[in-house]
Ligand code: CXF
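Consider the single chain below, provided in structure tokens and representing the form predicted on its own.
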């Protein structure tokens, strides 16, 4: 049995996380042992806590993290002890039906093992003090002092970027920026609407700006988030509690609607608004999500305009390509990450952090180890 360390464990849906001593198992030859230095609290983690995403328990949550490589297995070739890494939650086999079609987010092994809460090799990498195996959210389980992952999930980035900033790239920032740069076909001068200004939406605002959008219209219910969206590149904001986003965007585009609509609110009303706000022939990218058992309704006429509708949950990430690029964009001043962090706290305060997220008080709270 390997080293003992602390982790936030979810034993029951709807209950608080408990900070417990757990043990890591000996790393496999292809594994990398990472000392976690920072981890972001994401809505996906909250969905597991609240029960709208269902996984076998007990589980270590956390999938947006960065740290320092402490140990490597005998077969690891591209990661070294001491490297600073961002953890990737999308391992893929590289040779299944979907991987062969450049769709790693649909990798058959990824989809098969993920719901079991196991690592990519089908194993648990940690257990409770009594010997009970722990599951891991999204092949990581990063709300812990140590995380053991296959080499492909440890993405080396420049050591100049602080851990509390680099961890955000692993999920929220990659999803939002990537949706604009990798998924949507944003042309120079396009009008882009972003619905929902949490961490993903604010990253999408920046991605639209980086892609060359002429107008970036941000929509939310919170004036403070809309003010921040302006700081990050939005050219116009709409508080949907006071104005109809569909009416506003059509008024701003001679009745056409937005060329691209990026949705990150994760609400049935927002999903419906995307198809009403986009112009005929335009693009809709859905980033947010609701309980997988719930229905979402659309007006059939809004779907008749030759629009392209696409769901994306990873921003088309190629982690080894995109994580270092986004880290460098931050270091170059082209990508703002500091502004997304609304709080920092130790692991022991994790439940407070999720209470704040549930109440809409935070954009990103970062655990620091």
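Positions refer to the first chain, counted from 1. These numbers come from a predicted model, not from an experiment.
The protein also exists as the form predicted in complex with this ligand; that form is not presented, and the subsequent description refers to it.
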{"property": "Partner-contacting position among 42, 32, 340, 59 - heavy atom within 4.5 Å of this ligand in the predicted complex", "result": "42"}
{"property": "Listed residue (217, 155, 138, 228) with a non-hydrogen atom within 4.5 angstroms of this ligand in the predicted complex", "result": "138"}
{"property": "4.5 angstroms heavy atom contact with this ligand in the predicted complex for residue 336", "result": "no"}
{"property": "Residue contact check: residue 89 to this ligand in the predicted complex, 4.5 Å heavy atom", "result": "yes"}
{"property": "Residue 311: touches this ligand in the predicted complex, heavy atom cutoff 4.5 angstroms", "result": "yes"}
{"property": "4.5 Å heavy atom contact, residue 209 to this ligand in the predicted complex", "result": "no"}
{"property": "Per-stretch contact check against this ligand in the predicted complex, the hit in 24-32, 296-304, 324-332, 311-319 (non-hydrogen atom, 4.5 angstroms)", "result": "311-319"}
{"property": "Residues from 49-65 in contact with this ligand (non-hydrogen atom within 4.5 Å) in the predicted complex", "result": "63"}
